[in-house]
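The chain below stands alone and is given as structure tokens, in the form predicted on its own.
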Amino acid sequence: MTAATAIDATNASNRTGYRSFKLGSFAFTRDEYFVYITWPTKNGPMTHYMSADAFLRAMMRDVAWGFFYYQVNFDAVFGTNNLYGKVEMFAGSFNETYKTAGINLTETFDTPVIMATFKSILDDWCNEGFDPFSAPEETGNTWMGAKRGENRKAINRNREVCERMVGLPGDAPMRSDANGYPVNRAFHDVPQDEPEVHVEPGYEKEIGAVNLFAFLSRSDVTWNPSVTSVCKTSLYCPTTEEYILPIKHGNDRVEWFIQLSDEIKWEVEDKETGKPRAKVIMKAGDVAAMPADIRHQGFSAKRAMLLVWENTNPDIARMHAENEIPPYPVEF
């Protein structure tokens, strides 16, 4: 299957002006408020629906993260699994009720094929003024109603990539008003002064420091980690969080969270069934490890800063899948 044949968009618009899409056995349509996902079952076609803004926020993360580490649940029914080269798209396969009833479906696609389809959906279904990376207060209700315009600038934004550690000479331009990154409305109380560094002569280009809080205060996106340091397979990925994490992330490795400011509430569920496992309230200074056998979703009433610590060891997903290592980091 190629990307050209995978994207089956109807040329004729429906009454609201949005195109419909088909990938494999899955069909996608939307109207003023909702997205409808339809797939075949033994009992006939099954249709699942989501609020269009929730669907588009989830799809935006799936695209931006390259389908992330294993599982991205758009909600309790629909989502994707990253097989790193291929992607599974599923409906009901990680929902105990759907799976028991035999009305679930999972299909596998080459990564470029499903990526092209998802990008086409975002391009057509995001209205002018709607930024699926922004908090509701920032982007408003522009997602609602009939088709009008587009917002390709928002959905195609490129990450700033540093050539060196953030803050060292030669890195990408730091966030600043001059570069179009004003301090976010929620972080006007964050000091913007940079650390004072005294370096031995000859090492000026090798040693530096950065005010990470000031760096994050200028983030123009929510729930979208940015890599700020890399040490072998260890990545520090701080991010700013407001409202609801648009997806339920199902891990294939242990993921560490360090709460840098304010508060985030987490709902933790079993990865395979969706059954509740825990509720976690993280306040500034708290540290938590999300195990490899769960899915989690965060809630933040005030924009908060979070440091996500990721292990990118290419073999670790297999080690967890084959039970070579436990799904949690510590035995108590």
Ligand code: PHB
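Numbering starts at 1 and runs along the sequence shown. This one's a predicted model, so the numbers in the text were calculated from it and none came from an experiment.
Although it is not shown, the form predicted in complex with the ligand is what the next lines describe.
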| query | finding |
| --- | --- |
| The ligand in the predicted complex reached by all of 30, 121 and 132, non-hydrogen atom within 4.5 Å | no |
| In the predicted complex, the residue from 35, 56, 306, 282 that sits within 4.5 Å of the ligand by heavy atoms | 306 |
| Among the candidates 74, 90, 143, 223, the residue which, in the predicted complex, approaches the ligand to within 4.5 Å (heavy atoms) | 223 |
| Answer range among 135-143, 75-83, 113-121, 239-247 for contact with the ligand, defined in the predicted complex as heavy atoms within 4.5 Å | 239-247 |
| Distance check, residue 252 to the ligand in the predicted complex, heavy atom within 4.5 Å | no |
| Partner proximity in the predicted complex: residue 299 to the ligand, non-hydrogen atom cutoff 4.5 Å | no |
| The ligand contact at residue 67 in the predicted complex, heavy atom, 4.5 Å | no |
| Residue 49: touches the ligand in the predicted complex, heavy atom cutoff 4.5 angstroms | no |
| Contacts with the ligand in the predicted complex - residues in 199-218 whose heavy atoms fall within 4.5 Å | none |
